[in-house]
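Here's a solo chain for you in structure tokens, the form predicted alone.
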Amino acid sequence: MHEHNGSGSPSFLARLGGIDRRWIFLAMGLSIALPILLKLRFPEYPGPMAKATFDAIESVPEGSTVLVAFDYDPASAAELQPMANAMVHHCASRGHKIVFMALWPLGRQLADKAIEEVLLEFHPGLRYGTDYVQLGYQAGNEGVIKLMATNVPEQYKTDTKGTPLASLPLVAQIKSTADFALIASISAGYPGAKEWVQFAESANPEAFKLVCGSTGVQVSQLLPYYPKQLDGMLVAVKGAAEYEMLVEGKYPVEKNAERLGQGRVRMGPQLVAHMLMIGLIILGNIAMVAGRSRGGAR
């Protein structure tokens, strides 16, 4: 039986309690679709982990050699590629020399994508072999890190083009992971950031700064290492969006800026959908409490 107001029609709260759930599904669909179609970007307020990641890269002297490991595949690219793009742009803007590698088979292709769409797009004057090198994928999981911790040339004898490392000025003098000023692992799981902590950082404590980007499901494995072993950590799309704000604030680009703002674009649907869910929960509880109160009064 519907509750009626004085005019005999159902009250607003009664109608709210009996709303067809299909309207809720439609509202949720629109709250996700519209921000995507409109590419809405909302301001983000960077948290301490995003700031720590930004500060770690800023603190490394300009022109340092850094290693960026693409330890994920396309299944996690929606979460991780935005932070990888922003990190590559950040490192290049600081004048750092970047060595790319991957512990996941398809990580090389994602690194190539960042090189083409970010590194060379926004820093076209960079030269291969001097300013950046692509080492690519090596099988072996944590075994790759273990050997690199003591002997990089033994693990990587050539780059992806088959050029011996000794012929590439950027990496000719690299002997171990201790020769990098900073290592960044963009990680979707095993092998990834956790193994970099366990087998690279532990082998050369304090020799380099170590930061990571992580999917949401992996973060619980990494939190124990922050901030002692990990100098900075970005968590999922939220972390990417916060980091993008910091990078764009100091190193803006004039064109194709959307390539460095995908984290914020992907946060748009989450924000609107979460606000809708909160609103529905509040209205549902108001309707329930009001119905109980009127029922008790009768």
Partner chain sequence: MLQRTIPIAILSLSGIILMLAYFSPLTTSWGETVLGWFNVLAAVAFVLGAGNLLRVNLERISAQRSGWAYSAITLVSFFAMLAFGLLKLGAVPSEKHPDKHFAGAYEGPTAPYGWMYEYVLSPLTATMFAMLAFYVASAAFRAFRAKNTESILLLGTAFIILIAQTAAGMFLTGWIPQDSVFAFLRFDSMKIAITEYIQTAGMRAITIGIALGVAATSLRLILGVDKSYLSKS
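Computed from a predicted structure; not experimentally measured. Positions refer to the first chain, counted from 1.
Below: the form predicted together with the partner chain, not depicted.
For the chain shown alone, S220 is a contact residue for the partner chain in the predicted bound form, at least one non-hydrogen atom being within 4.5 angstroms. Contact check for A290: no non-hydrogen atom falls within 4.5 Å of the partner chain in the predicted bound form.
The closest non-hydrogen atom of Y251 lies beyond 4.5 Å of the partner chain in the predicted bound form. At least one heavy atom of Q270 is located within 4.5 Å of the partner chain in the predicted bound form. None of H96, H89, K194, K209 but one reaches within 4.5 angstroms of the partner chain in the predicted bound form through a heavy atom, and that residue is K194. Annotation for 247-284: interface residues with the partner chain in the predicted bound form are M267, Q270, L271, H274, M275, M277, I278, L280, I281, I282, L283, G284 [heavy atom within 4.5 Å].
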